[in-house]
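Before any questions on binding or motion, here is one chain by itself as structure tokens, the form predicted alone.
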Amino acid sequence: MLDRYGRQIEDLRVTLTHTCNFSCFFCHMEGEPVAGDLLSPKEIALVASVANEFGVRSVKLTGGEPTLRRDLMDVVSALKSVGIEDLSMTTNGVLLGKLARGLKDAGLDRVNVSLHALTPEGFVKVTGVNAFHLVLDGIRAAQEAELRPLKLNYVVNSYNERETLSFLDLAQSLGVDEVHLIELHPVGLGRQAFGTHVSLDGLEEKLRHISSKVETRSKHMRPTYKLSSGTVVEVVRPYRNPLFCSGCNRVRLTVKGELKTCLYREDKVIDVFEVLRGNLVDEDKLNFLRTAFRMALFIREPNFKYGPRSYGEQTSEVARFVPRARLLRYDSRLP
């Protein structure tokens, strides 16, 4: 199924909880306010089953910290039971040492571990927690459990930018498959921390010189750089970037039970909580959810539809994905 801009929906991102055992200073909290009641494994699986009918083959579990859900194994099993082919999770990794094997057995395919520092001291500054070595242990446990490809997320900011290449050395020594270098989001706590935002242009220039292969992934139009070790580096640039929006294939299921069509937008959501929690038979719930997904596809739109004239030759690539864009200016609600 395509939205009005010709973008196919292939990925469902599910926020399992807002609770976290870290306090990262730039956390964007999935663009969601803190909520109360959590969806059950069955309710999440109902949404995913309809998403699967609409072409979604990939589900990512996130938070907060998803490993703090006591019923996490049940969530994973329920999602696998409705035919999700690629089931992954973003985690801070601190509990992976204990959970990795059980998650694999329950049906989890792979993990993204958030690691935004190179040293224990830098880790405490980012997270407020002295757990650097526990996360490294979690990464190793994920490898042993064959949760692959294993990916590291690294949010680049003015505090850790100079360490980025050294961080790539660490990632390669750990044997991870991919590293995502992520631009700071001005969402959630990221709004207050946006003074630490840095451009990723300089990093990309360095990556070109040390990479054996450079490609562009269709998802978010992410540049990818293959290092000589085989590790792949993806650069994720969501800020004021119509190319990023043109390649977006994601819909979100929030903790509150909403289908959220864009991380940055609060006005493009469909509330399905009452349907999921209501006194209806499953088939009626599924029919309501099908209608909700059609509505989500109809209201879904890129947050950044326009690019500046300086984009030059890139504008034709944007136009290919966002045919209605005039490509003359930014359409942004952000600083």
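From 1 onward, residues are counted along the sequence shown. Since the model is a prediction, treat every value here as computed from it, not as a measurement.
Another form exists, predicted together with a small molecule; not displayed. Remarks below refer to it.
Residue in contact with the small molecule in the model of the complex (any heavy atom within 4.5 Å), chosen from V232, L118, L184, L150: L184. Checking V269, C27, A292, A45 for any heavy atom within 4.5 Å of the small molecule in the model of the complex turns up a single hit: C27. Look at 202-210, 85-93, 241-249, 222-230: in the model of the complex, residues with non-hydrogen atoms within 4.5 angstroms of the small molecule sit in 85-93.
Using a 4.5 angstroms threshold between heavy atoms, G64 counts as touching the small molecule in the model of the complex.
The closest heavy atom approach of V155 to the small molecule in the model of the complex falls within 4.5 Å. Under a 4.5 angstroms non-hydrogen atom cutoff, the small molecule in the model of the complex lacks T261 among its neighbouring residues. When the small molecule is considered in the model of the complex, G97 lies well away from it, no heavy atom lying within 4.5 Å.
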